[in-house]
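Only one chain is shown below, in structure tokens, and it's the form predicted on its own.
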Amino acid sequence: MPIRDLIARLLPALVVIAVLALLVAIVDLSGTRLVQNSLVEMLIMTTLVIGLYVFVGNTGITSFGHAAFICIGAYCTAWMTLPLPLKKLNMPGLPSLLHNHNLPVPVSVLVSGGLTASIAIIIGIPLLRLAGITASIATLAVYMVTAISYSNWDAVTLGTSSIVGLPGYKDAWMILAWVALAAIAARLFETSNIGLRARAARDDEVAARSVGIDILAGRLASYALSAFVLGCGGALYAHFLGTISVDAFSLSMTFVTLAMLVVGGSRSLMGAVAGTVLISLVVELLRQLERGVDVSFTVLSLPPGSQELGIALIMLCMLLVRPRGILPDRIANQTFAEPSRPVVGGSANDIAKEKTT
């Protein structure tokens, strides 16, 4: 593929990377340590939302169980990077290979993503034969099974107790590199043949079947890539916190990441990132107000739970006023369509016409 066509194909992802890089540079120059930590957390959440977008945006199936993949990735990197004395003491059920060896954090992040994707393929073969709300409920069941299993797997996960002592990995530029890889992978997938087939089945499953599109293959590929990105994001999140527990990957995380995706636009890569930035800013503002802000001779503070309430209100307003999000797929694709190709994300009927001609 010519470089010019590749750049045009990746243009939305490159715009996202450039905007986030500018934001990191500004915070790097003028931000305090607290602001820098908030930025790193936002970048990790961006990775998670991009992972969620890969599946939801390309298949149209709302996932309520993606926190399971985040949890799997986080614990996998803990098994590979936790100091050896802590592993031997707290996790006697690990294989001797893990007891005696550790991997660098970047390598463990990739391995975590690979393990998560492998599990997703095994799960997805029977699960993705379902569609609509049935498939969404099935993803929730996957989360419940994962959460209960990890909560009771004491010899390997410490059960409901927290694993502490994970090496830190909080450099904003390094995290941005992972966001860039996730954005590029998401864009390449959605414009690939199998990505286009998945989106065609999303728009009109009957028409897609009529032209011989393998619906399961498209869904399974998007599910595996989504799980890989979510597993990597979960590993990054674990190293950002330095400690993990099963409770950290609850349905609350599911709600927040889904809200980010819905507010920004569930079928647009740029929308997913825009929603993440907006919700992250709102969450940080409400978090500061919950802690209390000095105003004249009094302290203004909000009650606990205001963050969740604020996110819910924003999502509700967005669904009522602009149900396709800040940047729906039609706007993003029309803005960044390649000049020599039709707009990506056409309906199954369009693909069927092109195939028959």
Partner chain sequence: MYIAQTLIDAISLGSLYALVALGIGLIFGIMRLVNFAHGDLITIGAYALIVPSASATAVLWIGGWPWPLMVFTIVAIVMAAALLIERLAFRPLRKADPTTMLIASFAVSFFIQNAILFEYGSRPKALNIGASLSQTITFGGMRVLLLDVLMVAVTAFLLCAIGGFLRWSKYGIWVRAASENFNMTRLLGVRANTVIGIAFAISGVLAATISFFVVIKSGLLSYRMGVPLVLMGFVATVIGGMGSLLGAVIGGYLVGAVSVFMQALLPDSLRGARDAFVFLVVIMILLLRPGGLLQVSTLRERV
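Numbering follows the first chain given and starts at 1. Computed from a prediction, not measured in an experiment: that's the story for all the values here.
Below, we refer to the form predicted in complex with its partner chain, which is not included among the displayed structures.
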Next item on the list: Please state whether all three residues L98, T157 and T243 have a non-hydrogen atom within 4.5 angstroms of its partner chain in the predicted bound form.
Entry: no
Check: Quick one: is E41 in contact with its partner chain in the predicted bound form, heavy atoms, 4.5 Å cut-off?
Finding: no
Note to self: Just checking whether L84 would be counted as a contact of its partner chain in the predicted bound form - the rule being heavy atoms within 4.5 angstroms.
What the structure shows: no
Notebook entry, point to check: Looking at the partner-bound form in the predicted bound form, is L34 within 4.5 Å of its partner chain by any heavy atom?
Noted result: no
Notebook entry, point to check: Would S306 count as a contact of its partner chain in the predicted bound form, using a 4.5 angstroms cut-off between non-hydrogen atoms?
Noted result: yes
Checklist line | Of M174, L94, A180, L140, the one that lies within 4.5 Å of its partner chain in the predicted bound form (heavy atoms) | finding: L140
Next item on the list: Within 4.5 Å of its partner chain in the predicted bound form, counting heavy atoms only, one of 109-117, 158-166, 140-148, 230-238 shows up; tell me which.
Entry: 140-148
Check: Along 43-74, which positions have a non-hydrogen atom within 4.5 Å of its partner chain in the predicted bound form?
Finding: T62, F64
